[in-house]
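Let's start with one chain on its own, the form predicted on its own, as structure tokens.
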Amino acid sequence: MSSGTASASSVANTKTTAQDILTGLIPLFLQLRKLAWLIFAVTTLLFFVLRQAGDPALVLAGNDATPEQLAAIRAQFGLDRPLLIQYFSYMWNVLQFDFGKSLASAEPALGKVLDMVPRTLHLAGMAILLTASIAIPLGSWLGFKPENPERRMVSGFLFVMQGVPGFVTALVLIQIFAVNLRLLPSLGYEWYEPKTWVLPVCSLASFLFPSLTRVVAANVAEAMREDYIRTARANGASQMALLWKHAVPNALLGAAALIGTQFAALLGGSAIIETIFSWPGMGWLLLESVQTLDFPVVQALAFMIAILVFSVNASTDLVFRFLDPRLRTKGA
């Protein structure tokens, strides 16, 4: 009897474990399905939009090209086939991660993009790190006593800075530190030369940190009015303990969402800064490829940016689950 009971119990436990595994895989499956639809929508829309932007054969051959030369270039890259045939051929190749070769350099388009990904991730990561290093302490200080006159002045400054584009700050920084003082280089990128990072990173952070600071300040100010803060104060907690042990951890929930959004935006939205500083990243490559109507590279860039943005959003969701125990409860 005991052996049969133990066997039945073991089978039941195995079934429960299998069910738990399958239940855990459902969110992953749903996320992958969303990613597949996102890639399909982006690649399809971009394919047809790019074909309306112009004829790459004219860009490659120049204005003085003969009709025969243009026809030869179109035939070489398959641009002379019917549009739907080009589309289905393109989608079949995308399923094999083949975006063709760059029209400008004849290099594999996806390989060209992958070379730029680490540089853009480096720039975006450093900018987010600097932004968070400034915004979280400053926002906590502002939100702790928001009615203080000094804090009001700082809030006003942040409001003004939030409306200043990053490229404007970039030009000012170049004029001061590269032209006048000659302390920092204004062009180029070297992995082992931190001086080349300073101006681009500061330019991006100058646009990002005001909004993050204001979010942290608002969340801290709201947290300071909660009952658990009053209880901790009544139990003799110091002002620093109230701020850093109780208010700030709760304020970071909203900050984490904005940080994830900002990081995702930088992956494809730092093109102007990368161009100004000649930072060879995805944004710089995107502008260059659009100007030359290099369809394969633009399409490979869109594919890679979609995957990276999706990954950042999924990672942000995991951070939320780590920071907020309520999201880790069963069925949350």
Partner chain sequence: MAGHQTSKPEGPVAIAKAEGASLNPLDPIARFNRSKLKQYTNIEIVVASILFIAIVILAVFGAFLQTHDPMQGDLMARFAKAGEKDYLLGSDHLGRDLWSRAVAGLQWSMACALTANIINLFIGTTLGLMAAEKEGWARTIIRQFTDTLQSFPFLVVAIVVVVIVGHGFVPLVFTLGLLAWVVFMRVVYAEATSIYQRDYVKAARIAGVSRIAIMFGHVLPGVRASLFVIFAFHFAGLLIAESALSFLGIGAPLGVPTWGNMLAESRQYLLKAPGMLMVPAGAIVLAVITMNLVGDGIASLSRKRGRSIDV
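Numbering follows the first chain given and starts at 1. Bear in mind that the values here come from a model prediction, so they are computed numbers and not experimental data.
What comes next is about the form predicted together with the partner chain, which is not displayed.
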query	finding
Heavy atom distance at most 4.5 Å to the partner chain in the predicted bound form, all of L46, Q162 and V172	yes
Proximity to the partner chain in the predicted bound form, single hit among L50, A65, L32, V59 (heavy atom within 4.5 Å)	L50
Contacting member of R119, R214, H246, K112, with respect to the partner chain in the predicted bound form [4.5 Å, heavy atom]	R214
Distance check, M126 to the partner chain in the predicted bound form, heavy atom within 4.5 Å	no
Distance check, R230 to the partner chain in the predicted bound form, heavy atom within 4.5 Å	no
Contact test in the predicted bound form: L252 vs the partner chain, heavy atoms, 4.5 Å	no
Residue contact check: A265 to the partner chain in the predicted bound form, 4.5 Å heavy atom	yes
Which of 87 to 95, 74 to 82, 234 to 242, 154 to 162 sits within 4.5 Å of the partner chain in the predicted bound form, heavy atom basis	154 to 162
Contact set, 259 to 293 vs the partner chain in the predicted bound form - heavy atom within 4.5 angstroms	A264, A265, L267, G268, G269, A271, I272, T275, I276, L286, L287, V290, Q291
